[in-house]
Ligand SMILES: N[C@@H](CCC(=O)N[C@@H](CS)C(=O)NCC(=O)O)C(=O)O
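Single chain ahead, by itself, as structure tokens, in the form predicted on its own.
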Amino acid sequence: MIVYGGTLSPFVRKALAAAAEKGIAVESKPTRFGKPDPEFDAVSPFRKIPALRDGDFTVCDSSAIVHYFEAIKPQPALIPAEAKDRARVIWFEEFADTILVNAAGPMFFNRVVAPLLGMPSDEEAAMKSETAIVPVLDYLESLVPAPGGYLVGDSLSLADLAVASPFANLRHLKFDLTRWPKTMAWSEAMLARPSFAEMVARESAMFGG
């Protein structure tokens, strides 16, 4: 089973962390930005990452991949069966994938990715991103549990993996989270889990961290 895409993407990182938490063995195969790759293109015609190949089965999108993992190996469950908890997990993943990532994305792209790829960066867009992320982090600060706790129920779920994953990108940015101490402590505890820690350490090494 292969997951395509570089782990600097919070979506790829989330999918790989989910596989690790469920004990599903996958090969992580990075893709190169803007470089033709017939193998990857066959799996993801629109070059969306992450993409998954499991034998002759292929699918793109992190949510689709995690749901596939959940179906082929139901335990440990990352998506609760109870209706209200399931709805909350789906909300938190949507919040992470759209609101949190979109708020942080321009900062990360223009201050990390663009310089890494030798592309021009837009500091004005990065500064707007700094402003946009404040209410998002304020929202999280109002509800995150203490370190060791979970966003939904009393066990790890997709909600935790989805929300924690973009905080690795904020760490690479050296973004100051001290204004949000609960969020900072919770996210650091999540990123210290074995499912994230090795990936994030490899990423940090790319930036001399």
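Throughout, we count residues from 1 along the sequence that is shown. Here the structure is a predicted model, which means the values were calculated and not measured.
Absent from the display: the form predicted in complex with the named molecule. The rest refers to it.
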* **Per-stretch contact check against the named molecule in the predicted complex, the hit in 147-155, 56-64, 22-30, 177-185 (non-hydrogen atom, 4.5 angstroms)** => 56-64
* Taking the shortest heavy atom distance, is Asp97 within 4.5 Å of the named molecule in the predicted complex? -> yes
* To do: Report whether the minimum heavy atom distance between Arg171 and the named molecule in the predicted complex is within 4.5 Å.
  => no
* Asked: Even though the named molecule is not shown here, does Ser9 get within 4.5 Å of it in the predicted complex, heavy atoms only?
  -> yes
* Structure fact -> Restricting to 42-78, the residues within 4.5 Å of the named molecule in the predicted complex through any heavy atom are Arg47, Lys48, Ile49, Pro50, Asp61, Ser62, Ser63
